[in-house]
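Quick setup: one chain, the form predicted alone, written in structure tokens, and binding and motion questions come after.
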Amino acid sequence: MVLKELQNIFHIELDAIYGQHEVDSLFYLCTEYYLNIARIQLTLEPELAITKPETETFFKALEHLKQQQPIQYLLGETEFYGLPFKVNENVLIPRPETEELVDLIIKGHSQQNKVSKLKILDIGTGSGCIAISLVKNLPNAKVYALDISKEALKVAKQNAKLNNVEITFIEANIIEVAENSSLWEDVASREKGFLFDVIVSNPPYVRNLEKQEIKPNVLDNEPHLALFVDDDNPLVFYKAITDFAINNLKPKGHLYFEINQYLGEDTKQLLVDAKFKDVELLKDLNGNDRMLKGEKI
């Protein structure tokens, strides 16, 4: 079958769901993944044809896309901050907004990283995208990554190996750890001087009342454990992590969050009440309150 004809079928079946531009992107991702054929090659060779088994693979992918399964789960991989990552239904698909958070940390600590070995903790690591991107770009840093999900940690460990980095992974419930310091002491006892220069987290922050804003491809596929919080206590993870940071950041250490855009001021107040200084609420490229940072006194 000629690939251009197959591309037209993708548009006929998917344009109403995704829009023409997005369907082109999905198709080119498939050609690169399944055939190792770049977009430019299709432009230069409009009559390029593929075999029947290859065509069947595309039609299977098309059926999954019609059911709004994320292309990243379908292909089992994605890119984040210029690095490759494996993903599956046990981890969130990394977002561009989270790249902005990573960039903020790298720019804020590159100079410090040159003169001292930073200790960084990523809480709720999921695929490991934050932790791995940080250690890749702050090569002197010692990075730890914590998650409650054993399955998510399996993916994160695969991604650390894929990107050739060393990270210490910790399976723990941060809410329990924040409430019971002895749980953390069991971990900390294995490390010397176990205080952090940086703690970062992109915890669950979408309230159940906001589910109607979530697209079906996310709502029906990505892990709710990593997405949603109860409406009556939406800052439960931020409170726990802030309490944990008070005891586990070095003096002048920094706490970074990705946040719910509707709860920016409320989340900021948590850090103010906890006596952090230079607390800043920052917007993402779309103009939404998305990042929060503060310094421990």
Ligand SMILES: C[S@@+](CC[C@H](N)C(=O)[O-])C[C@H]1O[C@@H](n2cnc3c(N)ncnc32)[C@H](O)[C@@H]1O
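Residue indices: 1-based, along the sequence shown. Small disclaimer: the values here were computed from a predicted structure and weren't measured.
Keep in mind the form predicted in complex with this ligand is missing from the figure; the text below concerns it.
Peer 1: Might N202 be said to contact this ligand in the predicted complex, defining contact as any heavy atom within 4.5 Å?
Peer 2: So N202 counts as contacting this ligand.
Peer 1: Is there a non-hydrogen atom of S133 within 4.5 angstroms of a non-hydrogen atom of this ligand in the predicted complex?
Peer 2: Looking in the predicted complex, residue contacts with this ligand do not include S133, since no heavy atom lies within 4.5 Å.
Peer 1: For T168, is any heavy atom within 4.5 Å of this ligand in the predicted complex, or not?
Peer 2: No - in the predicted complex, heavy atoms of T168 and this ligand never come within 4.5 Å of each other.
Peer 1: With heavy atoms only and a cut-off of 4.5 Å, decide whether A145 touches this ligand in the predicted complex.
Peer 2: Outside the cut-off, so no.
Peer 1: From the list L74, L162, I175, V218, which entry has a heavy atom within 4.5 Å of this ligand in the predicted complex?
Peer 2: Going through each option in turn, the one that passes is I175.
Peer 1: Under a 4.5 angstroms heavy atom criterion, identify the one residue in N137, Q158, S149, N88 near this ligand in the predicted complex.
Peer 2: So the residue touching this ligand in the predicted complex, by this definition, is S149.
Peer 1: So which of 209-217, 137-145, 124-132, 105-113 is the stretch with heavy atoms within 4.5 Å of this ligand in the predicted complex?
Peer 2: Going by heavy atoms within 4.5 Å, the stretch is 124-132.
Peer 1: Just give me the residues of 218-250, first to last, that have a heavy atom within 4.5 Å of this ligand in the predicted complex.
Peer 2: Contacting residues: L225, A226, F237.
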